[in-house]
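Shown here is one chain on its own, the form predicted on its own, set out as structure tokens.
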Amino acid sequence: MSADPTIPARENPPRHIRLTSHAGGYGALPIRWAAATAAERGPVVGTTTNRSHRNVIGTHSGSYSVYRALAVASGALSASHKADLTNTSPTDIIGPYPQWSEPGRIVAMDPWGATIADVFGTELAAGYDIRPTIAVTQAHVILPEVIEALQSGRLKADGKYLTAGGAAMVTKVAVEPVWFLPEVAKRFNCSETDLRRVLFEETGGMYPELVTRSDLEVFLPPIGGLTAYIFGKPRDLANPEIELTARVHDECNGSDVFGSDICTCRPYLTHAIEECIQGAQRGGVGLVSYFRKEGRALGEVTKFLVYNARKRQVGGDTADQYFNRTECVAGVQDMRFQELMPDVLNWLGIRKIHRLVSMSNMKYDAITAAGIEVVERVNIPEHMIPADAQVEMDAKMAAGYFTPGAVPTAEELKKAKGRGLDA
């Protein structure tokens, strides 16, 4: 029975499960990663409407592919549905830039993923179901902190980058992950064979092709992607002579959306947005790159378990035990591993960041290792740090994170500063 009576149930449901453990399918097009042109590179075909055309492991939409499966299983969506991409083209053209074809520069996203209707028109006409992995649109971003900055006079409305009502006018780019496994393995200093095996094992055998199809080198992992928010002209990002203010931000739903005060995530994010607006108004350009890596890529369940452990430990929530509590629960202090993060910067053509709004050495080191110059680092103003987040800040400064101020001593780190669970 269909979940929606207006949508017919699936016709002729498959009776057998297909395991792709044999040679490439008939009609599958080759992918030559980092080729100079889209035609030479070839399209990424991760759809299931014609399985013989597939030339990658996994499917589009990352973690949302599971919801697609539910829709198909319930009869709400036809498994053979092809997207109508009329009028979906990017609002701003980005690239191509030299980094797109420089070996090893971009390994975790498809540089051509926003313009498939243009660059793969011949293949689309031939019946290949090619889907975009990047979408570019324009939006107004409205945040209470920006409105407060406008009302207090820190920001000025100009009608171009910031409206009188406090809306920041941006170009935003959504990116799905597309991994070229040989180069991803190099980023993590392991062999491609080991990477494939561990990915297969740690996903519970979700993708047999990882170990049975060595000919398939591109993987669409079932994870969240990223969104880039651009303040100013996107093409200015690639001009090293134009001032670029940037922040790379990893998702923190509790703070970013709901304003939890145990960390500085939302204050850092809103501070960066304010800096980006001011930078654009000075004639520069701003960028916030927002990655779905909730809870240091450990997830919210693990994060909340760590919060409880911190608040209940003997001596209270102290900075000297901040990283230890995470490691006790998760086995590692941080799983964000910024090695793949600079790819979006390279995709945008960035060679130089004049003002990086971040105290993270992991991010800074990854950006500079990718050959991108960082001129100045901008930290969060002290008055924006919530009282309960001082534990985090002290721990990070003591661990070597960037700070223009004094680093807390060992004795200062032992002082309980975080609230208890009942406070």
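This one's a predicted model, so the numbers in the text were calculated from it and none came from an experiment. The first residue of the shown sequence is 1; numbering continues from there.
This next part talks about the form predicted in complex with a further copy of the same chain, which is not shown.
Partner contact for Asn308 in the model of the complex: a further copy of the same chain, 4.5 angstroms, heavy atom
Yes, contact at 4.5 Å.
Decide whether Leu124 counts as a contact residue for a further copy of the same chain in the model of the complex under a heavy atom distance cut-off of 4.5 Å.
Leu124 lies outside the contact set for a further copy of the same chain.
Please tell me whether any heavy atom belonging to Thr48 falls inside 4.5 Å of a heavy atom of a further copy of the same chain, as the geometry stands in the model of the complex.
Thr48 belongs to the contact set for a further copy of the same chain.
Does the 4.5 Å heavy atom contact test between Tyr364 and a further copy of the same chain in the model of the complex come out positive?
Tyr364 lies outside the contact set for a further copy of the same chain.
Going by heavy atoms within 4.5 Å, which of 83 to 91, 343 to 351, 103 to 111, 315 to 323 lines up against a further copy of the same chain in the model of the complex?
This holds for exactly one stretch, 83 to 91.
Please pick, from Ile130, Val218, Val175, Leu155, the one residue with any non-hydrogen atom lying within 4.5 angstroms of a further copy of the same chain in the model of the complex.
The residue in contact is Val175.
State the residue from Ile31, Ala398, Ala69, Val374 whose non-hydrogen atoms include one within 4.5 Å of a further copy of the same chain in the model of the complex.
Comparing distances to a further copy of the same chain in the model of the complex, the residue within 4.5 Å is Ala69.
Would a further copy of the same chain in the model of the complex be within 4.5 angstroms of a non-hydrogen atom of every residue among Thr137, His140 and Leu143?
Yes, because Thr137, His140 and Leu143 each have a heavy atom that approaches a further copy of the same chain to within 4.5 Å in the model of the complex.
a further copy of the same chain in the model of the complex - contacting residues of 233 to 262, heavy atom within 4.5 Å:
Contacting residues: Glu251, Asn253, Gly254, Asp256, Val257, Phe258, Gly259, Ser260, Asp261.
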